[in-house]
Every structure is written in C-alpha cells, then in structure tokens.
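Shown next are two forms of a single protein chain, provided one at a time as structure tokens under the names structure 1 and structure 2.
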Structure 1
Amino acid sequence: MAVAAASGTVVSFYAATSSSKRPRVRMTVRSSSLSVTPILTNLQNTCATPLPTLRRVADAITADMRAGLAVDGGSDLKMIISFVDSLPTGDEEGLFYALDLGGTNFRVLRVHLGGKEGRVIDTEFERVTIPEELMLGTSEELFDFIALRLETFVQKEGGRFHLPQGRNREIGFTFSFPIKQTSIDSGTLITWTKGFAVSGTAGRDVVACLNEAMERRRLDMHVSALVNDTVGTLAGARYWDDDVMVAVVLGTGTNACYVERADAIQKLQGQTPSSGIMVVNTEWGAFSNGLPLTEFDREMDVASLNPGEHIFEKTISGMYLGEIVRRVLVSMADCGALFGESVPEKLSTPFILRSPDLCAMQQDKSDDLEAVGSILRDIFGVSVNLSARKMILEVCDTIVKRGGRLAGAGIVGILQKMEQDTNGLLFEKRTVVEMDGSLYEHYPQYRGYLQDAVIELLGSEISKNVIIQHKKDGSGIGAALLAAVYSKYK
C-alpha cells in the first residue's frame, strides 16, 4: 500500500460538549493502592484487533453494504444515494462557488477553472462564524444571514475572477446535517444536530431555503449541487486523479463514500443513470456488527445523546477517543489509586480529555515524559509520577490503536465489496482512497495503525496497488467542481 503524506491545515475536529447532561463522579479519598495493571490488561485484551477480528469486521461491513443497497433500512448502513452520477474530469471551465455549512462556522469559496490546460487557476475563501442566536432562531433568519455573507463575498470578486455575460453564478452546497436527498439539487432536512435548533426548516428543502434567501437579496446565484462533505472530498480528489474510488472522513465524526456500479443498487428500482455509476454515501458511523467493545464504550454510549446509535463512530472518530480514555482513567483512579490518594475532581468532567491531548502526549519521547506530565497537570490540575504517566500512555495507545485498525478494516470492507463485484479486477490496478479530517491528518499513530490494518488484511502485494492519500481542502473545491459538473449551462 502506498501512502501519501498528510498536509495542510484542517479546523479543529472536536465539538464542545456540555458536561451538565452527564453524570459526574465525586472526588473520593482512597485508603489503599490497588494495582491498576489488571485494568490495563483487561482493556488491552478486550480492545485487541488481531487479523481474525479485523477480517470479521471487514466482512460484516461488506455484507451490510449489500443489504443497505438492496432496500432502505436493510442494514445499519444507510447506503444513501447521492445523485452524483458524474464526477469531475478536468474539462470544467468557468467561475463557480461553494458553501460549506456543517457547524458553528461556514465557509464560502470561489474557484476559477481553466479546463484541462489551466485546471484550478485561482481560489479564494472566507470563514464566517454563525451567531449563536441564529443557531436557535428561524430558518429565514439563518439563511438570510448566509445569503448576506455570500453577497459580501461575491462583491469582492475582483478582476481575477470573471463571470461570462448572461450567466448566473452557480454554487455547490455542502450541507453536513441529516437530510433525505431527492435529487442532485434538492434535499429535505430530517433534523438539526451539532447544537442547531432552527425552527421552520425540518421537512423543508434546504436548497430551496438557500435559493429563496439569495433571491430576497437579489443575488444572481443558485445551487446546482447539494452534497455532503465526504462526497465533496471524493469529487475534489477525482478531479486530479481518475483512480480515486473511495473517500473517507476521519475527524470529529466519520463517514465514507465510494463509486458504485449503478446496476448493483437494487433500490434504484431500474432508474439507472446513463453513466452507469453512482456515488453512494455509506453513513458508516452507524455500523455496529462485531466490534470489540469494552464496558467503558458501553457506559459512554448510554450517557450519549444518541444511545445505541453510531457505535462505529463512537469507536473510531475524534470526538470520542479522549472520552473513552478518560473513563478508563476514572476506573483506574477509583480502583487502583492511579493519581494517588484522591481522584482529581476534573477527571469527572465528561469530554475534558480530547483526542488532540492524546495525540500530544503520544508524541512525547523523552525519558521522563515531561510533556505528558505537563498536559495532565493542565487538564486535571494534578502532578502525576512517571509510573502513572507510562500507564496513561498505554491506555491512550490501546484506544487509539483499536480505533485506527477498525477504521482500516472499514476501508477494506468497502474495497472488497467493490473487488467482489468486479470479479477480481479492482485489486489488479491502482485504486486510490482519499482521506480527509484532522484526526487522520494530525495523529500519526492513528494514521499508522490504520495503514497497518489495511496491509494486514489485503496482503503486501495487493496493498501496493491501494493508495491512501490526503490532500488539502478536497471537500471545499469538490463542491464547487460538482457545481460545474451539474451546471445548467452545460
């Protein structure tokens, strides 16, 4: 397997999480110093991902993919039809915009495309913070604000970007909230997430909401493609490389999409596109079959906002790795006096320990693990001896190793489904998996464990043809490229 180096800057991958909704652990004075080693040993055994376990997970994902393609609700994997049945080729020309709405900030981008010769001639983008009151306001207020900022951004086009006479501006809309997509340029909101509670939008077409807001501002722009971030990542990578077949996002959350043969999607019910392909959004975070889970995973799931759901995401994605480690440390402190005679009060705060903290600790190669001690002191307000620092690093590595290797098994599950459907032809040629998300980009240990699992599952020879790569800003440009692909002026 060839691996391209990660590059670029990605916004922090952890959302703020309220501790008020989760039970707190009281500070307790310890009267004995029981060993924490049995807790660690049990954790390592339960989290182990030997090759047979990885194989079972990959096979289960393949089976769930088939069931989800056959009928809606056929498996944990929703296998959502993206309506993207054409991908960028490099022939795209002109000025196109992208809007990425997926959290408390949104991003607007414009790109000047020059066809095969010029490719991406120029790009510009801006990030905009959404006022908190708009996250809890009305649909019209939110989309009017977005349209206003789009208008301001358009006014800064300048001489480097030129819109041909007689054309309206076209925009690709990346909308990373649960929707039921009904066409390439329409989709109804199922529910808001990520702290949004905007009234008047549920059940409405989010593209219509944006188009209407732009019309109210007399902005000569309309949405020509509605996508999620994973599909945008695939499109952005495919523009440069025809061998890109899969895209995976590993950040706060996780998802994957891939290029499927349209005739393999039974739930299309004969509505096969002329291109013969369809990008399918797996929503693989909902996968749950055969995962090696611990008592700490189960406790975290019960305390979550969506108990019993998105188990794969809770095992492999950036939002949850630190919280699993924290829960292990609570047990070690409570039963084995990991931090001495008392349990640090801050240790009882859910999500206080984040994946970037785990990553920073794992980069400490010093003999005394000084950086580890400093990080723990900053977070929990206590000094920790060298023995405890080493123990905590072991816990971090155990959880991160499991997450990375299971993510690798997920990738192989998708690839082997595609391989089986091509009668063994896929692995005979170069196949690219495009990665996005700051967990994958910024956590070298996680990235290494993922890559190791892919090699173990595929074998050294086949894995040479599987390229796992990460490029900067794939999803943003991808949405603009899909706006070009589905332009009404083509």
Structure 2
Amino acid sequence: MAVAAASGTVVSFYAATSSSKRPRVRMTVRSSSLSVTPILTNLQNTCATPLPTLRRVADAITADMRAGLAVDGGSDLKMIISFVDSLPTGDEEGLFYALDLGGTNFRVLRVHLGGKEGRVIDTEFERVTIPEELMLGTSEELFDFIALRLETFVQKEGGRFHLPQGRNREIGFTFSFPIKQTSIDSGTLITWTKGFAVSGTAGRDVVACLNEAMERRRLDMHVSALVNDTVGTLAGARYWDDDVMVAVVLGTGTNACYVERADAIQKLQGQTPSSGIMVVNTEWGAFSNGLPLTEFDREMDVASLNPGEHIFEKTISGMYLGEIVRRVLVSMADCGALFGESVPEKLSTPFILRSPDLCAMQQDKSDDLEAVGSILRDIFGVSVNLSARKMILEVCDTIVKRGGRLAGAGIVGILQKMEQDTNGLLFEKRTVVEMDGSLYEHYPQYRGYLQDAVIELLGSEISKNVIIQHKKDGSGIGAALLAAVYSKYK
C-alpha cells in the first residue's frame, strides 16, 4: 500500500535533539514532493518476519536455552530454576492467599481449595493500582504499601473461609521480575523491568522485603512459594490439564516457562529432585539474538530505564508496541508531514500511545476509519485526514505483526528444544501451551499473527497437537495452588 500523508505537503522538523527533549521552537519547511511512503516501506522491510527469519529466531532461542541451562550466565536466557519440582495434582485443600506483583497493578487473592471433589470452592480478589511514585520510590515504601493492602484484604475474610486453629495464613507470592531464585520461598531480585525502578530491592531477597513489611504491620502471614507469573500460570493450568508443558505471559512484559527434565539441567550439578522434573523460568524477555530491529527500537531502548536489556520484551510486549509506533509517527511527521503543517505537540510525549489504543484502532473496519480518527483526536488532540489514518494503521499493523510472529517463534523455540530432548516424542502427543497476559487476551490481530507463525514453523500436522490456549486467571490461582503444594503444614 502506498499512502501519501497530507495533501499540501509540509515538512516540519526539529533541531537535532532527541525526540523526548525537543525544544518548543520549531522550523517548518514546505515541500511538495515529500511523502511518508518510503518511511513505511523501509519499516516494513526491516520488520519483516518471513519464515527463514522466524526459523532463525526459534533456533537461536533453542540454542540460548541450552547454553543457559548449562551454566548461569551462559546466554541471554537466564533459565532460572524455579524450585517448583511438583505441580498441583487436584488434591490440594485449604485456604490460601496469593499476592501478584508484576505490573502497574497488583492483586491479592483468596482461594478456598476443596481437593479432587471440591476443586476451587471459592475465590475472592482485589486489584490495586500501584501509584506511579511507588514504582520509582524506595523498596520499603513499595512493600509497606503492599503489606497494607494485603492487611485490608485479609480483614475482609468473613465467615465463608476457615483457617484451622494455630495456622498462619500462607501466601503464594507471584513476583514477575527477574529473580535469582534460591529456594521455593526465597529469591533475590536481579533487576527491575517494565518501568519499575525501585531503589534498594535489587540484590535483596524479595520475600524478606515482604516479610519485613508484614512484620511492621504485625501481619501474621507466611510466604510458602515465591513464583514468577509464568510459573503461576503453568501451575494453574496444570491443575486442570496434565498436558500443559509451557506457559507464556504476553502482557506489559513477556516471559515463558516450561517443564524441563531435571537431568537436562547441567547447572543443577546432580542435585536432581526425586520427581525428575523442574519448571524452568526462561526469562526470554532478555533474548536478543538476530531480531529484526529498527532505528526506532534502538532509540527507544537507549531512552529506556534498562538500556541494552530485555530487547525481545521491548520488541514484542504490550508496554512497548505503542511507543515504537509513536516513534515511527514522529519520524513520519517530521520528515513526511504525516499530520500536515503542524506536528501535534502531544506526539512527543513518550508512551502516550499504548497497545490498547493500537488494538482499538485495528478493530475499525469502516471505510472512513472514523473510530481511528476519534482515537487519534483523543490522544493527540488533532484531526487526522483519511490517508494519514490509513498510514497510521499500516504502521500499527507492521509493529504488531512483527511482535506476534516473533512471540510465535519464541514458543516454537521452546517446543523444539523439548522435542529434540525427547527424541521426537513430544510432537506425537497433545501438548498444551498456556497463554496469559492482556496483550494476548485482548488483541485479536496479535494473537492471529502469533498463531500463524507457530503453524508456519511447525507445519499443519504437528500444529494440530500443539494446543495454544488461554484460561482466565490461571496465574493467581496457580500461585495459591503452589502455596498449597509447598505448604509448611504438609
């Protein structure tokens, strides 16, 4: 598709400074010949993910997995040992809590488990938005806030839930940032991701941070399992279905975990659990090998809170898709007069465009793209003509397609590692990949691109055995289930 931007082409450009620090004064140069089409074409070429690219990425993920399993620091993929060597069976019984910290919201959850017969008898949850200043504040402030909200939630327990006399309430703590896990109930934070930059937590045991905050509030609770959200998702799904082997989160951030044979993990150095299995948290967000990246990705990375880190995450996850698109639009506005004579001031605000906005625009199937126009007006405060709306949709689609297809390649990278290790047995039977996260759940185009890539890579026959599914709220219940599996009262 070739779309010129504005009719009377006017080029606006700023003095050479980074886009986030533009001066308000701007020069405007008129031109009759410039269009945004070459920028789009260039973008589409750089972001293209034909089968050979997908295969290269899937193979690189497989290779990085092996290197990361051999030794800590062996590759971009940390391949973190989760210490989860038993998954829920359905026998779990009792009252358990889950605390889920992984993005701009955290959730507290109460689950009453009734064993094989009763299963999940009752659940209650509360979602709390983390004030932005706490995401950039101190560790103590963040954990005090969490303990306070947890306390308020516990106070509402009411008569429906019963805890046997003499027992502490047990928590499954889902902490969705890279952790060096040291046991099932401890782990030190390696680094914050997803826009968090809380001081004083990196290098500390996050369970100790939570315990200290709970002690300050005299809250008598005990963390029985510290898990990544992918591990919670896997456990939650396994509770219902024994064929679940992989869990993937595609939300603000992204990650995947899977069930590994313990003897394939060299860095366990012979300390193999009796179950013979271990859930491994890949932390695939840190993958970077051979990705089709653009100048916009690189600039966004440089400006990020964690430059040079989590490149796969910055290419495929929900936090970043809108920001990449915004950066392309800035270039189109500056060099191709996408918005006509004046560049909307709000276009220079980082992260003003979010993936739910891209998604909402991509659902507009009308000829005049009225919904697209009104979304852009709401965000940027300007009217955008039809040809520019079409162009913007093309940019969204290019970035979303690349993200979804690369995520699909990531899934195949994991599956093919498991397949190679089982001498071709995995693909002969039903294997379930459990998906979670708002991006996957709410963005049909993204989901479609991901599924297409998996089918292209695996072929239609094998793909029939690979079930990619999403069940609501696997991860919260999963953490509570793991608290039950690893209960200190067992």
Ligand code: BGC
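Note that the structure is a prediction, hence the values are computed from the model and not measured. Between two forms, the rigid core is defined as the largest C-alpha subset superposing within 1.5 Å. Numbering runs along the sequence of structure 1, starting at 1.
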Only one structure is the form predicted in complex with ligand BGC, namely structure 2
Does the C-alpha of Leu369 move 2 Å or more between the two structures once the rigid core is lined up? no
For Val206, state whether the C-alpha moves by 2 Å or more between the two structures after rigid core superposition. yes
With both forms fitted on the core, give yes or no for whether the Cα of Leu268 moves by 2 angstroms or more between the two structures. no
After superposing on the rigid core, what is the C-alpha displacement of His222 between the two structures, in Å? 2.5
